[in-house]
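One chain comes next, on its own, written as structure tokens: the form predicted alone.
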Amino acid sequence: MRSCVRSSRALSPALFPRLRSDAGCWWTQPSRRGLWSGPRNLSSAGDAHQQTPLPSQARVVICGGGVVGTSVAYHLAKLGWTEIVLLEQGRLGAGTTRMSAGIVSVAKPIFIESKMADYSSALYERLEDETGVKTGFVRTGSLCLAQNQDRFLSLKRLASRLKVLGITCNVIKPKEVAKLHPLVNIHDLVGALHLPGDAVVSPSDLNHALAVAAASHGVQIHHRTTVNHILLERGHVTGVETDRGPIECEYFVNCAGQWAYELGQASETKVSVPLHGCEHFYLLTKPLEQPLSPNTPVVMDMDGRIYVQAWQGGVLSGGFEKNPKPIFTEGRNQLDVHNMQEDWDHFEPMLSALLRRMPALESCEIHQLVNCPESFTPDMRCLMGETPGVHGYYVLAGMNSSGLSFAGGAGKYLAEWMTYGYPTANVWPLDIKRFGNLQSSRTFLRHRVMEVTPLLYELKVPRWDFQTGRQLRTSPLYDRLDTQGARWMEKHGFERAKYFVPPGKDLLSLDQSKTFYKPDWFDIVGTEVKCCKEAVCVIDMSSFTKFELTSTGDQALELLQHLCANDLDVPVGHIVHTGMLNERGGYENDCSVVRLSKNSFFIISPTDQQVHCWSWIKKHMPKDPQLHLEDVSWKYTALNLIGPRAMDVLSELSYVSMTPEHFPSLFCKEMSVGYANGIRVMSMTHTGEPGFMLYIPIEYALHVYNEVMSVGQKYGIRNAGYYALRSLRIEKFFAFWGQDLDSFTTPLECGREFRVKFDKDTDFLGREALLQQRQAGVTRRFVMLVLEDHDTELDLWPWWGEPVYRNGQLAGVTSSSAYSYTLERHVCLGFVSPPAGPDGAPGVITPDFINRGDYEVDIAGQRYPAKAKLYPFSSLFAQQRRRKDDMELSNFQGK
């Protein structure tokens, strides 16, 4: 180790509290200007008086000249757009991009993120040939290390998912890690995931190359231009006001990074962009005695919370600490935020982790500790798409420290979205409409960002929940259910009960149990499911989205007939399950619609569809003062009474017969329950089990719940949660939007052709696409897979995203799964497809193809045989079990 005097700036852990860099910045300092500004052109570096004038009009204005904004401009131009103007404060790429570490990795938690990163890598590799501008692209590969078995399992699950996308990856042993990287200490490793396609780039050079490519296609780039205000008229973008004058435009794209939130507020109709900045630290060293090759793999030691890459013969190392430091950007310009100070005390845990992982670095010299801003979102996924309140206003921001990995693919998808109406991949997990105004509270975002940043490298097992920003939206029954043992999860800000812990159980250990195997709540949920099937259970489902659509004439019916695939022209009181489809025939919404009166309809949608569904209906809703849409989600508490004794409970409370003869399936009637009037009682449960949904005005909620529980005691009533609901609906082969259904899934692909009004002469969205698909045949099919030879006690559980193999060939992916307490087996739902034909075109799938195949589900690299069917297994296994019980009974009686 070198002499540990302070001037040597060695990495000795005893010195870092006092270390201060005097080596100077390795990036170019930004110019001091307003909040949002952009480059004049690619060659301009002079003063404001040298700038070329702004155009008076454009088709689209993009705010933000970092790698995200230039990617959007580039891809729009490639798709044939003209009159594109990009504005950036200071110099091109002077924001977060210039301070990025430069890693491009496909090791992401969800499919769409890995897909975007894979595209980005391919784009960056070819960009140098396209532009002649060097990007510093080096395909180094990366190593994701595992210090324990749970982390190793998560990496194996990731490997299985990446192979579905055709991405090369290898699960390797510690000895192989040592061969790939000369500095890694492997003594505490149990394995690793090698991703040979991962790469590093020079962020500023890449940004410049994208800008050159965009400019070559006609994009006008102006820097040192502050965007002050977004101009709107009747809910549409009409232009922008800058410090250099106005620009008329049809579209605006907010790629303002750290200031995207503030920019969202800079319009007459405020746009919610829920992100918050946080300080991010990384260390630069001087070249090692034996300089590290630029081809050395990137190391991601997530258990140590650090990443390490080669940098100019030395290393660049940063991480995601447990105690992050939020940035407060209000009223601060770019220079203020990007001139943040070193904090060696704060960096100490990551430095210690670096020296444990690479002890040889202890004698190397420090070049600099960099403190740079990064923006994070409430769920660790970026924000993309058109905003729900303003037409023509698009957002691409909140990259959660993966801006370079996502920029290429995200720019491509957003450009497709703006061009065709939707991208060529399902980006719902990233759609900005997954959030509402309730997630835009600055206090909420500051608290959540302090949880999100460490979670990027935290081990996340299935069914984990955020801990901050909780109890934001609650049912009137929340306190009552909480005292009865409810354990909570959050959906779209709404607290929902997962299950109810019986008295005497260890609540603390149950809440802290985290596993990829059989969870501790297994028996509890099993008891709830049993009660749903044999007696009666109550599930509070108040979080569901609820709208009322009314009109003075037939306008409401005409709108729904246009939006919905199923026929809504039904008698008053009838309930219709239907999808709202897009022009491709894919599901934009899956809902239940009740006809309350001739011109009044009650629409029930999934919880996280509140903003998206509202936006979709309003987008197609004519400007008619006689037509009114109201969000009544907050007005009603929803109780789901599930089980064969539900009719007995309601009969006693309403003095009305609830038998199927008097209250048929899929029927709604307004009734009195207890002392409360105006309760909408519906004969459906969203599970396939018998029972009723009660939509109760909130002021009556507690009274009705108490009455139901009191009368239900004699029938064995108990509370149940969403885990029981999930098990019930999956074993009944019920698809849910957002899990199984999306905007690329059609009713024909998931066995719902009977919910499409082909026989009516009514033109609805998606009709033509469905007719063409029906004639040509579907190329993939929603199936139910029941695992065989799978030990629930000892084997890994399936959750979602597992590859499905047919006759040894990859055929699809699971979309959701649950343990079926009825079948006593795991059930997975998902889509399978036949192999492509000789010409590469997708093959048509048939029932024979599904029924005659030998299926396997891959769970973390281990394949388990499964039976695939196009209809629920429930009836078959119920018959088998009854026969088995009858045999056991006869054998017992014969003894």
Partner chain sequence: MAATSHLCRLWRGGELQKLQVSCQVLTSRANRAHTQTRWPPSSRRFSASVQHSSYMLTPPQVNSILKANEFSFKVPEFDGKNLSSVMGFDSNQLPANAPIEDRRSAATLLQTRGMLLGVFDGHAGCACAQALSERLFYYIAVSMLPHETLQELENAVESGRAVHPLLQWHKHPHDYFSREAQALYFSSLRTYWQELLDLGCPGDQPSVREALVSAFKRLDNDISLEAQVGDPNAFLHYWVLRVAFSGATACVAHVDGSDLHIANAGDGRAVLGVQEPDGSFSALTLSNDHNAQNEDELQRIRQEHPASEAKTVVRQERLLGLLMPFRAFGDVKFKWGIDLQKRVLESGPDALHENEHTKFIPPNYHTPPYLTAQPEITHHRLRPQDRFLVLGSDGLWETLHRQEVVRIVGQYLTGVHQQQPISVGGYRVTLGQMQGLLLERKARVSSTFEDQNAATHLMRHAVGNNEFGTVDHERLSKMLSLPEELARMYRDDITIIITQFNPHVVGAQHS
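Residue numbers count along the first chain shown, from 1. The structure presented is a predicted model; accordingly, all values stated were derived computationally and were not measured.
Although it is not shown, the form predicted in complex with the partner chain is what the next lines describe.
Only one of 161-169, 705-713, 352-360, 784-792 places residue heavy atoms within 4.5 angstroms of the partner chain in the predicted bound form, namely 352-360. Think of it this way: in the predicted bound form, the partner chain has a heavy atom of just one of D624, E699, D345, D763 within 4.5 Å, and the residue is D345.
The partner is absent here, but in the predicted bound form a heavy atom of L283, alone among C382, L283, L76, A117, sits within 4.5 Å of the partner chain. For E241, no non-hydrogen atom is located within 4.5 Å of the partner chain in the predicted bound form, even though that partner is not displayed. Residue contact check for C364: one or more of its heavy atoms lie within 4.5 Å of the partner chain in the predicted bound form.
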